[in-house]
Every structure is written in structure tokens, then in C-alpha cells.
Ligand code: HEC
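One chain comes next, on its own, written as C-alpha cells: the form predicted on its own.
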Amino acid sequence: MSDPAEYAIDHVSRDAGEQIFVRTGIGDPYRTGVPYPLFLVLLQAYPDLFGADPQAMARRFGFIARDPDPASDDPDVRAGLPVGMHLTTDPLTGVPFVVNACALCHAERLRWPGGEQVIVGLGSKHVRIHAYDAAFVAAARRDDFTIDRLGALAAEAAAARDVPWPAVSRDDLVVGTVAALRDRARRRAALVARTADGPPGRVAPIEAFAVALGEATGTDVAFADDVGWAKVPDVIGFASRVTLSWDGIGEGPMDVLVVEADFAAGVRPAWFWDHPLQGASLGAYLRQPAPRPRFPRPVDAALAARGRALFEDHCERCHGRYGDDGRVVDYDETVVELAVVGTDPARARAATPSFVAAANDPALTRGLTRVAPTGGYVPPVLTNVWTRAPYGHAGQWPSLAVIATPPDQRPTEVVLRLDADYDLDAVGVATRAPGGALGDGEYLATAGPGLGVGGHPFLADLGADAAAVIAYLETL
């Protein structure tokens, strides 16, 4: 197990947690990373799968791109890696490995008329993490994905970039990486097929965990009939939550739950036990997120005041109470049953009996966590909600205006314009009617299993008063 020095935490701190979230990730690079020379080879040898350079890769998979800066002291910036990708040095060989941090999926460049900002912690609307996973699977299946070819190209790439690639270890690294990626392609074949053509900004977490749980427990973990699509969540409500999923399926100490996503990404359970302060540090950071931008145009104060009263009468019981600064001051996490909320049930039903059994294996959990289906969804904390479209547990509603539309009148097919300025009138992602060729940053959102647009009629039930509630939400 490679254990770079930067993953050693001698005391819990918010700064250490920020480094994990924004830069380094959890670690375990032999399982979650790729040697940098081989990473460069993947771009060079398979540009049709990955893009020819890190910037093209970022555009292909919805990452936040950075241009390389040769003068930077930061090796990640020098290499032009996307936000959330990091070079960590393997102490056993001296070779840098490319690993991923939380910000790869939990950061977004938000644009609105007259401004823009990269917001760390905001769930990405663009990221296509399953497509990125599928690219590795596709590469590993090609006939030219061989030790000899990749080894020769890696040596050339390391020499051209002056990257450490010692002769004593390079053969082992090439052989080990090729074998690991081929094995990964075999193990994740069903997951890749199941998530093919998934919409941006969405993940299938239960399915990804099912693969990891099956491997860890040596059991066959079945998928449900429909994909349990979930929007990449904003982390801003972490301090008020007692679970971290849209349906509240996992219970346990928050500082344990916060690192579990990395288990699905390949981090070995032994790594977590050997680095016990990572979760606590990450939790300390997430409990104090950086300030967010306010709604960027004036809000009608009288309308918002009326909306606040309506919100307190109709919405506060589920979504919490907020102070004048927009921060939540009273929120008790609850699960609203499917029969009440009426939203698409696929995510709430994604955990099969074999999934639950594997997730509760005491040899794996050591009794720290417990998984139990809840049959509903958790209403989110709404601080800074204006930035967080598309809305809903599966990102099924492009704007607050759509949520304020009666469920049977919501569009079931619409083009989302992710690269356009945020729609401040509708408070959400800019959209257009279907038809014509899709432009850059556009995708056709179609209602279907896991992505149904029905349910949550509560804002629409207010009729014309919904506009006042939306005005209040703009102030949070």
C-alpha cells in the first residue's frame, strides 16, 4: 500500500479537511490512482476516449478545466489538471500518481448575467463521472492495450515531461496498472453498461456501491430494475444532516459516512482504518463551508417577506427554518414517504436485499454504519438554493419555476443549456424547447425511469403565491 506523506494527519483540523476535499482526496493511490506517465499515455494513445490533453478531457467529461501554468509552484496547475485532480508522489517509487479529490464532482463554475464564480462544494451540473469510468473500461478492452506498447509510450512521456520514472520500478508499475485496469473493466462491465448515456451531473451511487460491496464481501450484489439516478449533491447542508444520501439510507457517525463515497471509488477498507483522522477532518471542513454568492440582482423585499410567511406555514416543517442571513437555524432531518412526496421512486428502491445484506456485513462495517431502506426522500437544506439547479433528488427539475408548475403540466422533454448564463427569472438552468442540433453544453433531458418529473406538488399548490416563496428563497 502506497502511503504518501501528505495523507498523514496528526490532529483533526478544518485545514486538513479542506486539503482532502479540494486537492488531495482520501488517497490509496495504488487503488484509486494512475501513474502520471501512464495517465499521459492514455490521453495520447486514446484521444477518442479521453481527449488529447487534460483540457480536452475536462471538456469531454464535464470537469472544471485549468490551463497549464509552467511557472506555478503547484504541480497540479503546472500539469493543467482539472480542478479535483491531483498529483501525489508515491514514496515507494518516487513516481507521481494522478488521484481524484471530492471537488472533481463537488464543484461548479456558475455563470450569471454579469458574473461567474467557481463554487467548491456545489454539486457539478456538468460532470459525467460514469462516462469517465467507461473510458477506462473501453481502453482496457482494446487490442493495443498491452504492456509493451503502454510501457514504451510511458517511458517517452516521462522523458518528455521530466517526470520521475525509475527503471527499477517502471516495469512493475506498467504491469500492475494494465492488470488492474483490465480487472476493473471486467468487474465494472455491468455498471458501465447500466449507466451508459447517463445525464450530466447525475450519478448512480447505489449501483457503484454494489460493485464495491460485492468485491469486498465476495457476494453477488444484484441491481434493482431501474437505475437509481441521483444528482451530485451540494454539501452545504452537511452540518445539519444525520445521513448523507438523498433517501437517508445510511446511518452512522457523520465522520465515517463522509468518506464512504471513496469506498465506491476503490479505496480499501484497510486504508480507512489506517487513516482514522481523515473523516473527522473532512467533517470539520464541511461543517464550515466557504461563503456563497448572494442572488445577483435585487429581490422584491415586500414579496420576499410575504414569501417567508408562506414558507413558514407550508414548507418549514420539512425544509427547516432560516435566519436573516440565509443560514439554517432549525432543521430536523426527516424522510418523506414516496406516497406523500410522489417523486420518482427509483433511487429510493435501488438498494436490493443483497445490497443491504452486503452493506451491513459486520466484517466490513465493524458495526459503525447501518443501511436500511427508508421508502422516501430527505428534504434538503435550502441555504443558497438559488445556485443549485437542476433541482430534485435526480436533478429532474431545471428551475424553481418548473417546481412551481403543477406536476402534470411540467415538461417531460427539454433541452438544458448548461453553459449558458443562469436563468435568474426562472431561478435555474437555462432551457430551450427540443428541436435542432444540440450545441456545446446542451443536452436533451427526457423524463423516464429514475428521472420522472412528477411529485412534490406543494409549491405549485400555492398558485400565484408560489412567486412570493421563490422570492424568499432567493434571499437564502
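Don't overthink the numbering: it's just position in the shown sequence, from 1. Note that the structure is a prediction, hence the values are computed from the model and not measured.
The same protein also exists as the form predicted in complex with heme C; that form is not shown, yet it is the one meant from here on.
K.L.:
Three residues, 120, 295 and 431; all within 4.5 Å of heme C in the predicted bound form via heavy atoms?
P.N.:
Checked in the predicted bound form: no contact with heme C for any of the three.
K.L.:
So which of 216, 157, 178, 336 reaches within 4.5 angstroms of heme C in the predicted bound form, heavy atom to heavy atom?
P.N.:
Filtering the options by heavy-atom distance leaves 336.
K.L.:
Report the residue, out of 396, 281, 387, 88, that has at least one non-hydrogen atom within 4.5 angstroms of heme C in the predicted bound form.
P.N.:
The residue in contact is 396.
K.L.:
Check residue 445 for me: does it contact heme C in the predicted bound form (non-hydrogen atoms, 4.5 angstroms)?
P.N.:
Residue 445: no contact with heme C in the predicted bound form.
K.L.:
Contact with heme C in the predicted bound form for residue 347, defined as at least one heavy atom pair within 4.5 Å: yes or no?
P.N.:
Looking in the predicted bound form, residue contacts with heme C include residue 347, since a heavy atom lies within 4.5 Å.
K.L.:
For residue 246, is any heavy atom within 4.5 Å of heme C in the predicted bound form, or not?
P.N.:
Result yes; residue 246 sits at the interface with heme C in the predicted bound form.
K.L.:
Indicate whether residue 268 is a 4.5 Å heavy atom neighbour of heme C in the predicted bound form.
P.N.:
Flag for residue 268 set to no.
K.L.:
Please determine, with the chain shown alone, which of 142-150, 298-306, 96-104, 358-366 has non-hydrogen atoms within 4.5 Å of heme C in the predicted bound form.
P.N.:
Contact-bearing stretch, as computed: 96-104.
K.L.:
Give, in sequence order, every residue of 403-430 that has a heavy atom within 4.5 Å of heme C in the predicted bound form, or say none if there are no such residues.
P.N.:
Residue within 4.5 Å: 403, and no other.
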